[in-house]
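Listed next as structure tokens is one chain, alone, in the form predicted alone.
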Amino acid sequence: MDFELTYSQEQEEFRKEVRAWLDANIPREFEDQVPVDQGDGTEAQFLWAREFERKLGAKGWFAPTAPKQYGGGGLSMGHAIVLAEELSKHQLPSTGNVAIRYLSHALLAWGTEEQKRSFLPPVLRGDWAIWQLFTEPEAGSDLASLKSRAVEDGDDYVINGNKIFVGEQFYADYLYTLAVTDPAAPRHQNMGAFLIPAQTPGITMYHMDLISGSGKRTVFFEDVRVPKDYLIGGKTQGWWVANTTLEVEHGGGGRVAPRNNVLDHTMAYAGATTRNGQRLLDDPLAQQALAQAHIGVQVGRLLGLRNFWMRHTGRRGTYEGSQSSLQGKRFSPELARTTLDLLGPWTLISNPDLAPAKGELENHQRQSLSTHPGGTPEIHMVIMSRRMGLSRTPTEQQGSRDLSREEH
């Protein structure tokens, strides 16, 4: 059975346009200097990536399928897939910007028309870098137990609280966060979602070094005043606003990933390495392990592509996002174990002059240990069961979603 995509002549012409533009705007010497570990990235690379996002936005390619009237590209899903495929072939530094992946969906679904006109153009054109600040010291997997408070004071809300394991290495323009607006209301009906300028007085950030990636931040809000115009959705609709973005974060947005660099590098190493006079790639046990890994990569690719198609064609999802996320969270440690078994200690070397693939395999070993961002595997199994109608109450079966509002 052939699961590969086919493309129209128009889409292939668009691919040529994209390739030519990327070749002209991504210097090869710059790309070669991008580290495999985001934590080793420089501020200069971050600033380059921010400017690159703005260039994509100017062409409508930062948010290719978003409505043109708000700054998106208005392209078809097929063109968006072509664009994503070509971008995936380049090693680019990350900005940690969640504007398109998360916030844009919340604004489109819950924002007032005035908010859409004011906030969406800079979001969809890459002008704003945005961090999502949800997790708290006592509210991670159980996000509804958050403690941050937002108290009305005239035309503002005054926010106090603490977020943890959020943000990225450098800085953002805006912070997308949640806070309790009605402490007396029941869970899921007591919070608001806010977009806050990152330089607002009262915001303090501290860097957190982690075992993988560029690290995260601890953020404190101390009497931070936010105009009511920056409240997305109603005063107590923050849970549903957040779930609009969490649905994307949990895999509902899909992804286009035609290749897996870790598996490609492992296979290349196995083909070039001999043990006891035999190529490692010719060993039956190695072939079986690599074949199993290849199957896992393809399953993840197809699940992501299906969800990408569903998101960009307006199909309603239920369990599909968490299914894709769960597969990825389970497969990544399995792939790490496969590369470690086949390559041995070489997989754990980060020195780019000695390590296979300039240390990318070692980076993956560390990255595979982190399965909690966006929900642990156990949380996604709970979400899937609720979405499939296996829970005890209708509310749980809906995943606490306001289904009527999602039609908006």
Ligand SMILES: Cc1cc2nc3c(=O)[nH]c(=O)nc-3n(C[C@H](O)[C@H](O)[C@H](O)COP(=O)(O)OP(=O)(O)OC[C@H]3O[C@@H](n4cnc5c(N)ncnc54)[C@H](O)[C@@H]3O)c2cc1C
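The first residue of the sequence shown is number 1, and the count goes up from there. Keep in mind that what you see is a predicted model, and the values were worked out from it rather than measured.
In what follows, reference is made to the form predicted together with the named molecule, a form of this protein that is not presented.
Colleague: State the residue from P352, P67, P35, P373 whose non-hydrogen atoms include one within 4.5 Å of the named molecule in the model of the complex.
Modeller: Selected option: P373.
Colleague: Find the only residue in S148, N190, Q323, Q132 having a heavy atom within 4.5 Å of the named molecule in the model of the complex.
Modeller: Comparing distances to the named molecule in the model of the complex, the residue within 4.5 Å is Q132.
Colleague: So, G140 and the named molecule: in the model of the complex, are they within 4.5 Å at any heavy atom pair?
Modeller: Contact with the named molecule, yes.
Colleague: Heavy atoms within 4.5 Å of the named molecule in the model of the complex: does F165 have any?
Modeller: Output for F165 is yes: heavy atoms within 4.5 Å of the named molecule.
Colleague: Do S212 and the named molecule share at least one heavy atom pair within 4.5 Å in the model of the complex?
Modeller: Yes, contact at 4.5 Å.
Colleague: If you check in the model of the complex, is V382 within 4.5 Å of the named molecule, heavy atoms only?
Modeller: Yes, V382 sits close enough to the named molecule in the model of the complex that at least one of its heavy atoms falls within 4.5 Å.
Colleague: Please pick out the stretch from 113-121, 152-160, 204-212, 77-85 that is in contact with the named molecule in the model of the complex, where contact means heavy atoms within 4.5 Å.
Modeller: So the stretch in question is 204-212.
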